[in-house]
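Below sits a lone chain in structure tokens, taken as the form predicted alone.
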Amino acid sequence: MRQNNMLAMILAGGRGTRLEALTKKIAKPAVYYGGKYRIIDFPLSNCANSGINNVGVLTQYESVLLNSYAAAGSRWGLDARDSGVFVLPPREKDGAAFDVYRGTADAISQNIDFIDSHSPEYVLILSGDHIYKMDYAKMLSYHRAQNADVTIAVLPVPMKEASRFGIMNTDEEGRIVEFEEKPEHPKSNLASMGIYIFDWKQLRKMLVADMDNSDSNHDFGKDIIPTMLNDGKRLFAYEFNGYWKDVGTIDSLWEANMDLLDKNNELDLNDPTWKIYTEDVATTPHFVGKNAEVVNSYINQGCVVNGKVKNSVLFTSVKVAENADVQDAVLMPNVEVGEGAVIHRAIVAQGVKIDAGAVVGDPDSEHIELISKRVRCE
């Protein structure tokens, strides 16, 4: 069912510096994940599957590839006459170079005219850098049923980890009574997912007031939501219990890929009722040689495997030569692994070549090694 009264705005302008070389030339939402996807495929597919037909994607840092990728709305079925994906970089000011978004709320403020042009009753604010599947239409139904001014999606997290998140404290009805940003001693375990539904008319007034406030961070978590709480607005928590992953570090990106290899994984990218759409790359089928060994791995189209691959995710057109040993690894598109090379607990960036006999990573290391340049055998 089309949600013609709700417009989605995806915040996709973060630097993603903790992903190191993977975001040196591309924005974090454009980083590869899961054998053939990019991170931004998930919120865009969620929008399409939830019946949201118009989506604004707010880009900023290293956004050239992301801009062109997101603009192809046909990938997610958002290219019909009454639908579209709209790429929204920071505005030019007085003919000067592009300005920057000063915060999450400012990113929306700079696009008030765009939102007004769609005349939505509700605005859905999303982060563009998380891995999850979610029906936003169900969240909107909850928002309406509670007669809420804003509804915030929350995820129950282990209590020992709650201090890492923005925590929502609620009453028995699910109404938010307090918001704590990374509290040292959390009172609950309901972590904000950075997913909000606002009544647009009310949010618009708040954004206009916030724009000229020199003391504001122009941020939803630091300014808009606390102000609404202080003003006695009706804020409700919408509890989400599915798979959700913030892939903001090399280790967490690797973990999210490894999660797919669990036969009981909650994400289930093969679910025909909630497809995750992505770019269709034209290439040959994958090939596994007669002497190859493949155990519990994702092998994508175009791959040629003649060595050993165990507990690993291989993206499009990866080549693994004879006697190579790849274990607990993520190999991004067009990686080449030479004869006899060994890779353990690593992410190898797109197009990198691991020369014959080279050794990468450590099976006993606590952390994951990122390989972004050619590795030669010493």
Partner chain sequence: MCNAFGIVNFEGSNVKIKGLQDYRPAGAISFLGRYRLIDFPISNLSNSGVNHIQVHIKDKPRSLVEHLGTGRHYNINSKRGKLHILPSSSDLGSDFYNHDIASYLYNMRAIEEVNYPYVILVPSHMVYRMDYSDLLDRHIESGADITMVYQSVDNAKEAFIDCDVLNLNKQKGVLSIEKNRGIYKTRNISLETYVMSKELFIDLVKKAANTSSLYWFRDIVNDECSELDIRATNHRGFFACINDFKSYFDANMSLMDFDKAKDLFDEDWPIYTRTNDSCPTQYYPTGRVVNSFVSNGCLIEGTVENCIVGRGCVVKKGAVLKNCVISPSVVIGEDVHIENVVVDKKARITRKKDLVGESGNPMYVKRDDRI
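Just so it is clear, the structure is predicted and the values come from calculations on it, not from any experiment. Numbering follows the first chain given and starts at 1.
A second form of this protein, the form predicted in complex with its partner chain, is not displayed here; the remarks below concern that form.
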Here the chain is shown alone; which of S192, S188, S109, S297 has a heavy atom within 4.5 Å of its partner chain in the predicted bound form?
S297
Which listed residue (R204, K233, H286, K138) meets the criterion of a heavy atom within 4.5 Å of its partner chain in the predicted bound form?
H286
Q301 versus its partner chain, in the predicted bound form: is there a non-hydrogen atom within 4.5 Å?
yes
For V87, is any heavy atom within 4.5 Å of its partner chain in the predicted bound form, or not?
no
Does its partner chain get within 4.5 angstroms of any non-hydrogen atom of K36 in the predicted bound form?
yes
Touches its partner chain in the predicted bound form: N270 (any heavy atom, 4.5 Å)
yes
At 4.5 Å between heavy atoms, only one of the stretches 205-213, 246-254, 178-186, 301-309 reaches its partner chain in the predicted bound form; which one is it?
301-309
Checked 125-148 against its partner chain in the predicted bound form; residues with a heavy atom within 4.5 Å, sequence order, are none
